[in-house]
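Just the one chain here, laid out as structure tokens, in the form predicted on its own.
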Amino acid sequence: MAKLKQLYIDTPLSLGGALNPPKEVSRRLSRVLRQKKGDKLALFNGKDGLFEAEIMDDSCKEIHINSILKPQPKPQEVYLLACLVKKDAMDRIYRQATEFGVTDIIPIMSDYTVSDKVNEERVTSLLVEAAEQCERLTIPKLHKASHLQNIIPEFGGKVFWCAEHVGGKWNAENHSKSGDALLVGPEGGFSSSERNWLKSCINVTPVGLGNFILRADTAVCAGLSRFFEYYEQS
């Protein structure tokens, strides 16, 4: 049996139900994905689980839900605080965070960030596409961009700061859990005043990613790999 194409749809889903997808979804199914009557796919909405559905007409305007494939996973909260970098690198960060399982992304502005604007509609589309491709059942929440010194004091969990001065590996004693965050700085790192300020924050734990200087998008991958390696399920 061929693997079903997984598709996000922003509408309630239930076993045995029928739905009429929005025009843009029908158009994507019929024109981009070339689906037709009788074809089956897997639908998720980030809330109700993963369902097998069947297209009832060639224009893909009616879909019936036949069975449930996976229940919705237990919710968790894993935050990525990523300083804004150039567009291509930032797009990679959004995709990589989605693939690793990050649930909340907060773009950060700091002394050395190159941008202070986020095209939320475009980035949300990118997150949906990445979630579909990696077959997760949730879409990361994109938060408003925030200044570093505004978000850290208000953040309720522990913040694991990928800090160049630490070097070496992630300390195995620094276990992460739901509600915690990974902080990755901009290209060029944080300014000296920002580094000193971060060291004084009681909810910030500096962690190392190795002995070399990493690009921001590489640091996100290395940091999230360590974050989830020491992740404690609640």
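We number the residues from 1 along the sequence you see. No experiment lies behind these values; they were computed from the predicted model shown.
Unshown form predicted in complex with a small molecule; subsequent notes refer to it.
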property	result
is_contact(L15, the small molecule) in the predicted bound form, heavy atom dist at most 4.5 Å	no
Contact test in the predicted bound form: A145 vs the small molecule, heavy atoms, 4.5 Å	no
Contact flag, P22 vs the small molecule in the predicted bound form, heavy atom cut 4.5 Å	no
Partner contact for L84 in the predicted bound form: the small molecule, 4.5 angstroms, heavy atom	no
Proximity to the small molecule in the predicted bound form, single hit among E187, D39, E52, D48 (heavy atom within 4.5 Å)	E187
Residue (of A181, L29, L43, L209) lying close to the small molecule in the predicted bound form, criterion heavy atoms within 4.5 Å	L209
Which of 189-197, 66-74, 173-181, 53-61 lines the interface with the small molecule in the predicted bound form (heavy atom within 4.5 Å)	189-197
